[in-house]
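Just the one chain here, the form predicted alone, laid out as structure tokens.
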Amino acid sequence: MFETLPGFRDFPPEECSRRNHLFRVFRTVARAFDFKEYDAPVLEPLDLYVEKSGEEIVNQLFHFEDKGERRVALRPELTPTLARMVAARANALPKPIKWFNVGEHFRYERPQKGRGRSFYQFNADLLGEAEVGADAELIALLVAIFETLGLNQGDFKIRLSDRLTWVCLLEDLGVSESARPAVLDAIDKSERRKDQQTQEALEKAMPGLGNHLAEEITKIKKIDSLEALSTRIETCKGKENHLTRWKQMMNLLEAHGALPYVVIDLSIVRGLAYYTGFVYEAFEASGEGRALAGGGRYDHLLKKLSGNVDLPACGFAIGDMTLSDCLAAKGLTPNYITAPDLYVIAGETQTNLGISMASRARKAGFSASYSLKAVGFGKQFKDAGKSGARYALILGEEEEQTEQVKIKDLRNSAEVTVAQSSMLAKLEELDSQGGIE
């Protein structure tokens, strides 16, 4: 007996329906914000990811050499692919570029709760706009998706930070430009490490300053208001510009109706080095579990990957696994009934007529089913009940001779007989009035 590979999931009909519910919400809300859907291959040149993240990324990927002796990999994320696609069309695309995707991704890492080797992500990106209005638009989209799924202020929070503010603060603390990536990496990992480990990482980055940096960074991470931030950056270069950006962001989020979900939290820096501005992560309000979503501004990544196209950019991603776990825990996962609208019950000599009527119903937009082998009326009625269908279409000798069909409401056993030529019109009428009374 073969089993599913570690870190991969099967989606039988019920699970597939729940997954597709997420996808429908993603698409509906994204389109409401005028984002356009795109898609791309799941297989890309391995060097595309190495260029973005360095050689160390290779161990985290499903990669191999294809029959053309090319190094290829299953995509672990979509941003490099997006950069490749936009760079190839940049001059022809109207700005701003607002694209989204719902697709499967792969990472070769240890499977754990909320993290698999195969997973689906919703990605939304906005390119060609440098002002904070683009960042606010994306955060508002993220909030709208969660609200549409039934989550409220008591369920999730978006923790908002800013890499530019961190650069300012680290410069004020004497951190050199060359040491900055390692210091930011230590800050990003500090919530998952012991204090001693963080201090050691900071000491390695800035010898002799590890203890001092750890103390100051702990203070900075506690900043949770514009007032506290203003006080902290008093001695920073360009402080007015930083405060102006923060105020613009908060005002825009308030206009979007998203501000109640957002908290200032400078402990969020996101480990990827290409972020250049506001960054954020969404977590359950309880603080438990992995991040539900994350993103930020990455203004120079497109040029790094394309070599010749430079566009400001920002975006975020939502993983399906942690979000599905969150919705299930809160009882917000709908139970979809995958049942036909109609079940055709026909006598042995009326089988072809029944199939013909099922075909007519399908072409009119109804889902229809029937027994694929010759069985009696009793068995067909049992099968109709098990199928979950709303109506049964009953065809016997009498109905064939009079060119009629009996429609039975399987919820209350009420029946109505109509001409076969009027069947579709009658079904549409019953649909609009909620059944046979």
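Keep in mind the model is a prediction, meaning the values are calculated, not measured. Residue numbers run from 1 along the displayed sequence.
What comes next is about the form predicted in complex with histidyl-adenosine monophosphate, which does not appear here.
Of the residues Gly210, Gly103, Gly116, Pro340, just one reaches histidyl-adenosine monophosphate in the model of the complex with a heavy atom at 4.5 Å or closer; this is Gly116. The single contact residue among Tyr298, Phe278, Trp166, Tyr261, judged by any heavy atom lying within 4.5 Å of histidyl-adenosine monophosphate in the model of the complex, is Tyr298.
The closest heavy atom approach of Thr81 to histidyl-adenosine monophosphate in the model of the complex falls outside 4.5 Å. The shortest heavy atom separation between Thr198 and histidyl-adenosine monophosphate in the model of the complex exceeds 4.5 Å. Taking the partner from the other structure, histidyl-adenosine monophosphate in the model of the complex has no heavy atom within 4.5 Å of any heavy atom of Lys303. Within this chain, Ser324 is remote from the site of histidyl-adenosine monophosphate in the model of the complex, having no heavy atom within 4.5 Å. With respect to histidyl-adenosine monophosphate in the model of the complex, the three residues Gly133, Asp155 and Glu254 uniformly fall beyond 4.5 angstroms at the level of their nearest heavy atom. Checking 181-189, 244-252, 315-323, 83-91 against histidyl-adenosine monophosphate in the model of the complex, the stretch whose residues place heavy atoms within 4.5 Å of it is 315-323. In the model of the complex, Ala291, Leu292, Ala293, Gly294, Gly295, Gly296, Tyr298 are the residues of 288-304 with at least one heavy atom within 4.5 Å of histidyl-adenosine monophosphate, listed from first to last.
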